[in-house]
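Taking the form predicted on its own, here's one chain by itself in structure tokens.
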Amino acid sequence: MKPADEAENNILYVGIDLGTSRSSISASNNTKECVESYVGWPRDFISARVLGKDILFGSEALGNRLSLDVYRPLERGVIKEGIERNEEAVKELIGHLISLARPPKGQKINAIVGVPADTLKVNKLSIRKAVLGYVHSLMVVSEPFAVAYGLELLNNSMIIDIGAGTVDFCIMHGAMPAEEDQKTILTAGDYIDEQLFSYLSEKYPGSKFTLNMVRQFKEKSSFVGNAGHAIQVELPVEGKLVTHDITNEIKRACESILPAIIDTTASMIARFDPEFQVKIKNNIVVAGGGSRTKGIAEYLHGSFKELFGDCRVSCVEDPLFAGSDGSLKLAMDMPKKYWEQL
């Protein structure tokens, strides 16, 4: 339901999940869009003529990357430093996301942007600069908090948000989470890609593939525990496509991030008020792209049960939009006095 003053003030509320690999937007006009976090500019006038565009985004940028200077401007949840045009790329990416929400000309936009928990302070200024000219009011929140808000998990719950650049943890206890209630670790989806690339390079030294190809293999077939079937892909060997079995390599790579997730979860719960630990353990929710990994809820449940007894682990139903939907819900509920005017 829209806020009562939306029609009066002509405000479009948007929630943005600004991710290392993918970014999504949910808007109060019922639009939802997701785009891979890539931005590309034509390399020269030939490229510009062939492509017919001044700038490309997402899968379109990746598909034409030989004609572009392509940027993936977010690394571990923050704007990469020391690389030319990264700040411009983030600004263009946010502008593109907002354009996908199709706001009417002149409509005011209030945006809440989700970022990794440990980078909240660092990101606020960068995000503020990036949204200038696009939005009228802004709030920056942690991604796992946005997920929790959208799912109404505001009390006695824990969110584990597995993204490409970071894994973010947040314990909710009926109030705004404090710094000690949140944690970020850096062994996440990109780390899995790097490990898988290394494993495949070692096993199949004569085969040709790129990190982007490896990322696609993972996103299509990621699993932990038991795959249930062989995972095979075709890779070129001396110019000919040859079938490769990558089941064990996918398993090793996907499971490589789990020890840190398990240890961090256990330590955060152990530090929490002992009277409420049981309730937290029975309401652990996995979000982010990593929640699409086959078997992850069952794997984590088994590991947590060995550590601290009975528990309950589930995954969000919509990993692509859980963060942006939560940010949108928060934006529509947020009292006017809390907004930062730009």
Partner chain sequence: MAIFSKKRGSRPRRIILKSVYEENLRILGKNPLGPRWKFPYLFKGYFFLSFIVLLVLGNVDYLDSRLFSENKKEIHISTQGENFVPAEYISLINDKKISMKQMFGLGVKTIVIDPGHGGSDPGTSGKLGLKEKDITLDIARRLKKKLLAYGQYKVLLTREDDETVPLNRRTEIAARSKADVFISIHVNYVPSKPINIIETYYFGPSADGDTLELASAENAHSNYSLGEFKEMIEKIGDTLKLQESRRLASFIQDSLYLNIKGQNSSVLDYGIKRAPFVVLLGIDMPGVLTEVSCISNKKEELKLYTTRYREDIAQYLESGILNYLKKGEPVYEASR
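Positions refer to the first chain, counted from 1. Computed from a predicted structure; not experimentally measured.
Missing here is the form predicted in complex with the partner chain; even so, the following discussion is about that form.
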Just to confirm, with a 4.5 Å cut-off on non-hydrogen atoms, which of 160, 130, 164, 172 contacts the partner chain in the predicted bound form? 172
Is there any non-hydrogen atom of residue 140 lying within 4.5 Å of the partner chain in the predicted bound form? yes
Decide whether residue 263 counts as a contact residue for the partner chain in the predicted bound form under a heavy atom distance cut-off of 4.5 Å. yes
Exercise: residue 285 in contact with the partner chain in the predicted bound form, heavy atom 4.5 Å: yes
Residue-level question: is residue 183 within 4.5 Å of the partner chain in the predicted bound form, judged on heavy atoms? yes
When the partner chain is placed as it is in the predicted bound form, are 219, 224 and 308 each within 4.5 Å of it, taking any non-hydrogen atom of the residue? no
Within 4.5 Å, heavy atoms only, one stretch in 238-246, 92-100, 195-203, 225-233 touches the partner chain in the predicted bound form. Which? 195-203
Sequence order please: the residues of 148-169 with a heavy atom within 4.5 Å of the partner chain in the predicted bound form. 149, 151, 152, 153, 154, 155, 156
